[in-house]
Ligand code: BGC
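For reference, the chain that follows is the form predicted alone, supplied as structure tokens.
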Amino acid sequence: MRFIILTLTALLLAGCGKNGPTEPWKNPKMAVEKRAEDLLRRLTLEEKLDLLSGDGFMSSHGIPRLGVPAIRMADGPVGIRTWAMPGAPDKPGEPQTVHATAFPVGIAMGATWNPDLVAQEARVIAQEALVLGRNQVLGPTVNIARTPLWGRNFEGYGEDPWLTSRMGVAYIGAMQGEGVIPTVKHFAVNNQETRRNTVNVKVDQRALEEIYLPAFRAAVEEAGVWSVMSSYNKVNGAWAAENPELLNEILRKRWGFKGYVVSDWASTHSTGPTVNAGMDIEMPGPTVMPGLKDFMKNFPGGNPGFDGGYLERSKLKALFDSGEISKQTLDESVRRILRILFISGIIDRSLTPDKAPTKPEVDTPEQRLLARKAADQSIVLLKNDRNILPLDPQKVRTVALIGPNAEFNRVGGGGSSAVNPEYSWKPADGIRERAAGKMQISYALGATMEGEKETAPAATLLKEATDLAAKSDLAIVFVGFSAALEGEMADRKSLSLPAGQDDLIQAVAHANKNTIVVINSGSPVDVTKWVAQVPGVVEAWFPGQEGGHAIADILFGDVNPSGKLPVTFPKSMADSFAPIDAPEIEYKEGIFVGYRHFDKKNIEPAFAFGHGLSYTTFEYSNLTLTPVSPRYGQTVTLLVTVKNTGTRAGAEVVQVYLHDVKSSVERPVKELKGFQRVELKPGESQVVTMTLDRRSMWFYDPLVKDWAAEPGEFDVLVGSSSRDIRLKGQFALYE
């Protein structure tokens, strides 16, 4: 009898009821850490070793013996991308192409200054990932736009660490709420594509802490992110994939990261140092697909030393047997992976397949509407002289659409973030649809997109465009880049628009004084050659699948533009930093990146960080700060009244910058420390409330190797952009 009682007790403690699980790790009511520990002790050495490498181009190893599923990854961050290399699927029978909702690129989402909208986007992407059989998305990208020529600028949220942090935290929280693993990337200081696989980035600790790491820190400390991807480059002499200072000291010990680190594809250079530094999963898998090893060796920007997998089982086993990799280190990596498999629900969904998504909820009408809303809010009205916009059908009867991007929707930038939507709405079609029966719309190519097929001699195309512009009431020139010219694995060569486009704008503007320029780009362009000649300029970024509709929404005033620049537009590259084609780069500017640099050097930008016009006007008043003499650690509450003083409903982004009046170290003239998007009807007012905590006041002190906020006065600058400050206040911090 005693034996029976003890046996029943043991079964109950193991989470086993009459029809329940027989092993604790299968019990969803048990704590995640206990479940992970129970599963860990059941694994063989070979199973543990396998978990540290991929089992395909976009899949980790599962544990077939126990029915533990693989982590099945997909590129993001703005939609689910086809995950298999052409001719080399993860597993036989998997689709080669998938269609998914294509949202505006990251820089465009940054231009919304709307974390709630970013969260909605991430939620949809996560839902589509699950439907498509994926449970990890490789995004968001939170690298800082140090140079306007970085080919991958379009993936991130801009040049400011506070704005980037708020967007990244929103994305991560929403995606994890759907049970999908986000992967914040690329850790760290991956700010150019030139030599990205080999370059050594030398950056001082203060710049690292204040500019390049805050978004990653927020991802860990605020969002509790489940996965981090290391970058290709070296950081201060050590490869990011085997950098113990980054992966163990900063990420885990200081910030408390409890997820796993995955390598960027073919970014590893060793076995023992990589594992011992804190890398958990090397991607892609070893030579499990025909030609993968050679493909990765010749990957653009390449890692010629890549040998098909440094963390594959046999190499790990040899170092484990020799003692170079300890059992504790191996178990810690495996434990981290298992913990996320449990906390994300991946294991439980595999144990209860009836709860897995079954309906093809991809690219639904609701998701398409969200993609359009995101594009609407991302578009930035840079210039609007003479109120040339919005278009008025009562005054404008004939419109000439001109340029290589009029009849082509530039959905996204090139590379791993490219999404293949079911459809893509062209700007010309969006305008024709909206203008139907009200305006006569005509089209001329004007100039061929650089790198694309020429349809006629350049002089012929230019004359057709200017002739059409001259006989039209208004001309809209659609210029910018293609995915082939702005994308991963290569940086742009200059700020200039592609060949022929500057000349096209100037010629059309000469033929018609009512010329509007619409730009598709993932980062700033040089507008100085023609901006004074045109009354209207619109930055539409790479706007996703609904770009054509959104551009028409803005041009016709169906949506009042509310986008604000998340990057500074320089007048020339002499005013900024260019990628350096050298084995080593030193970030000599330190913390003075983006608008911080322009402020320090007193350089007038073409368009300032935070700039963006509206079809209405806003008035700021009644700035109050409480308390005005806070003690260290106290929060300062900021109140400001914003009123829509125009005739249209619109949204304004209230921006709060802080300036430390006197400091023991050099600090920026101003730093963004808060923002809020507010929607107002004509004549409506709203009191906007924000808080400034100690993070708003501190700086990284290299002498004590820690953060500090010194007593003294702080100016509070509230405005519509970094160069359009409407109100000023001050508080004095006391110890």
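Note that the coordinates shown come from a computational prediction; the quantities given were computed from them, not determined experimentally. Sequential numbering from 1, following the sequence displayed.
This next part talks about the form predicted in complex with the ligand, which is not shown.
- Of the candidates Arg81, Arg166, Lys234, Arg72, Arg81 is the one whose heavy atoms come within 4.5 Å of the ligand in the predicted complex; the others do not.
- Checking Asp280, Asp264, Glu128, Asp491 against the ligand in the predicted complex, a heavy atom within 4.5 Å turns up for just one residue: Asp264.
- Taking non-hydrogen atoms only, Leu138 approaches the ligand to within 4.5 angstroms in the predicted complex.
- Interface membership of Met229, defined by any non-hydrogen atom within 4.5 Å of the ligand in the predicted complex, is confirmed.
- In the predicted complex, at least one heavy atom of Ser416 sits within 4.5 Å of a heavy atom of the ligand.
- Although the partner is absent from this view, Arg196 contacts the ligand in the predicted complex, with a non-hydrogen atom inside 4.5 angstroms.
- Only one of 234-242, 264-272, 376-384, 539-547 places residue heavy atoms within 4.5 angstroms of the ligand in the predicted complex, namely 264-272.
- In the predicted complex, every residue of the candidate spot (Met58, Arg152 and Lys185) has a heavy atom lying within 4.5 Å of the ligand.
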